[in-house]
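A single chain comes next, written as structure tokens; it is the form predicted on its own.
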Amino acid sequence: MASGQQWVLVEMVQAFYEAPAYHLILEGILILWIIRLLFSKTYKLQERSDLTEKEKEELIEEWQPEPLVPLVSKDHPSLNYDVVTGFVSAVSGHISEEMNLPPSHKIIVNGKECVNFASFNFLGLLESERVKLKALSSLKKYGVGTCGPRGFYGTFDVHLELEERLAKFMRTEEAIIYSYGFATIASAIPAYSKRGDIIFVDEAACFSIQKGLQASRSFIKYFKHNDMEDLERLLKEQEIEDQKNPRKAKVIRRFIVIEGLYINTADLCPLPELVKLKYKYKVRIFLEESMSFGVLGEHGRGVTEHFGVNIDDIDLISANMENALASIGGFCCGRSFVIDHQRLSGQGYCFSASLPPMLAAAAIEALNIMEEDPGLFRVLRDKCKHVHKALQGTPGLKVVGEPLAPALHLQLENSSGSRTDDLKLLRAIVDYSLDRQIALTLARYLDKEERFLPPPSIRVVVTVEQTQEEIERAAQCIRQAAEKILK
């Protein structure tokens, strides 16, 4: 045993003599550095200087705490808001003063009964007794919430039924529901597009799309609003870039993200042209249809039905259930292998509590009404055209949006040059209308967060419940307000 240890020691000494000089120097430096770390102090003790009581008091008096939030003027729009305290029952005509009730055709704003031209309740289903009774029945059966995400004891039978019904209604293979409309497209985009991928986006894309782009960390290329020539220019530039490095191009995914009916401009997307570009340049299309689902098309299926485009040509369709379906949340639909990917990659699906069962039941009943009465969509389209026509020629204001859009914008024909001043003028028109029992609202944006901030505007929302007389009265009221305020 002793001879074996002696032999090992001889080998170590021999290896030491045979080792290169730089190797020995490096090992020596490392050994010295380890010894230094072991015996040196990790910090130096600083000399302590105690302050006198007088010095402490002086420092306290000099200290000025910074405000928790930036100081704003008292006339800031965020501090001067309208208060909705109730609604007028469509059945009894009585006023309900309960809080947190859904907006209806007639609402109580600042103590006055007004016709509602401000809430996204396009088909008027928020007031449907059928929808309310179905939600109440579900509430008694399941309780208020699920207390868990879909993948962790948060899936109820009504969730599966709603997904099946939505897929059937949209004529796709599969659908997936989210518990928050805003999070739907914001979760779907980063589920597929990752760092290094490329997304081509319309400049007028809504804020939820912008958040999805931000979360994806992809390379974003914006094209001018509804400008297919500008989009094709970007696609050609990318094609030339891909030819320079074919190996890299093979692993890069490319997407076009658009809205069917843009919430910020009320414009329709040119979907047939987009589909042609999709196949020409081999990109995928994500279509956000929150404003067009339940509005466009003979049966309310959105822009694909409106343009007669095969829904299989669209890789992913997203929409919320808060505008037409009288519920909360959103959904995505498409091919099964595309939708299934979100069940493990959609952040809003995986990490948020699932949709309350009563809201899923309400959405199912709303779908039943939409399927039973497709005439609702024709009525809504006719009223959208009526409002669009009635608002034409308003002095000092221009109507922005398609005649089929249920949420139009009224913008100043001639801006004052100051966004704040423009907002004050438009706010004065809103206040004038509220005093005369017409409820309107300014289009709101996060000014510092928007990629392309839209101009200030008044948003006018159309629903099936508004009568011809109310539409004419609202248009006349806006005209009078514009003549008085913008003279």
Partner chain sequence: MTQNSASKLLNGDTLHRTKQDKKAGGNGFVKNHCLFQQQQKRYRRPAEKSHHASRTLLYKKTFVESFEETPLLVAVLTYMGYGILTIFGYLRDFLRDWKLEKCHLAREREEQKDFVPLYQDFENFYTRNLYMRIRDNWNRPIRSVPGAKMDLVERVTPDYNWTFEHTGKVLKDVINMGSYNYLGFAENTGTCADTASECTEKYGVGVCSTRQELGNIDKHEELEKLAARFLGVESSMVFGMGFATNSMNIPALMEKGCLILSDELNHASLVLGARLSGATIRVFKHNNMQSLEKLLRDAMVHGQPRTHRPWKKILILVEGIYSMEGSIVRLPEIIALKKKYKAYLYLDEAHSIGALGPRGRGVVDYFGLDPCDVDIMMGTFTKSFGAAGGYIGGKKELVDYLRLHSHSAVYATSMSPPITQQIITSMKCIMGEDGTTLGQERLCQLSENTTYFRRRLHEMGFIIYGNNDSPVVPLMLYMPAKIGAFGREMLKRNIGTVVVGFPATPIIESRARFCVSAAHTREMLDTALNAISEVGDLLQLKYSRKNRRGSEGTDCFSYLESHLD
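Positions refer to the first chain, counted from 1. These figures come from a predicted structure and were not determined experimentally.
Absent from the display: the form predicted in complex with the partner chain. The rest refers to it.
Engineer: So which of 57, 27, 435, 421 reaches within 4.5 angstroms of the partner chain in the predicted bound form, heavy atom to heavy atom?
Structural biologist: In short, 57.
Engineer: Just one of 392, 155, 368, 415 has a heavy atom within 4.5 angstroms of the partner chain in the predicted bound form, so which one?
Structural biologist: None of the other options qualify; the answer is 155.
Engineer: If the criterion is a non-hydrogen atom within 4.5 angstroms, does every one of 169, 223 and 374 touch the partner chain in the predicted bound form?
Structural biologist: Spot residues vs the partner chain: no contact at all.
Engineer: Can you work out whether residue 116 and the partner chain are in contact in the predicted bound form, taking contact to mean some heavy atom pair no more than 4.5 Å apart?
Structural biologist: Yes, residue 116 is a contact residue.
Engineer: Taking 4.5 angstroms as the cut-off for heavy atoms, does residue 245 touch the partner chain in the predicted bound form?
Structural biologist: No.
Engineer: Answer yes if any heavy atom of residue 179 is within 4.5 Å of a heavy atom of the partner chain in the predicted bound form; otherwise answer no.
Structural biologist: Looking in the predicted bound form, residue contacts with the partner chain include residue 179, since a heavy atom lies within 4.5 Å.
Engineer: Examine residue 146 and determine whether its closest non-hydrogen atom to the partner chain in the predicted bound form is within 4.5 angstroms.
Structural biologist: Yes.
Engineer: Heavy atoms within 4.5 Å of the partner chain in the predicted bound form: which stretch among 297-305, 225-233, 380-388, 272-280?
Structural biologist: Of the options given, it is 272-280.
Engineer: Under the 4.5 Å heavy atom criterion, name the residues of 118-146 that approach the partner chain in the predicted bound form, in sequence order.
Structural biologist: Contacts from 118-146: 118, 119, 120, 121, 126, 131, 132, 135, 136, 139, 140, 141, 142, 143, 144, 145, 146.
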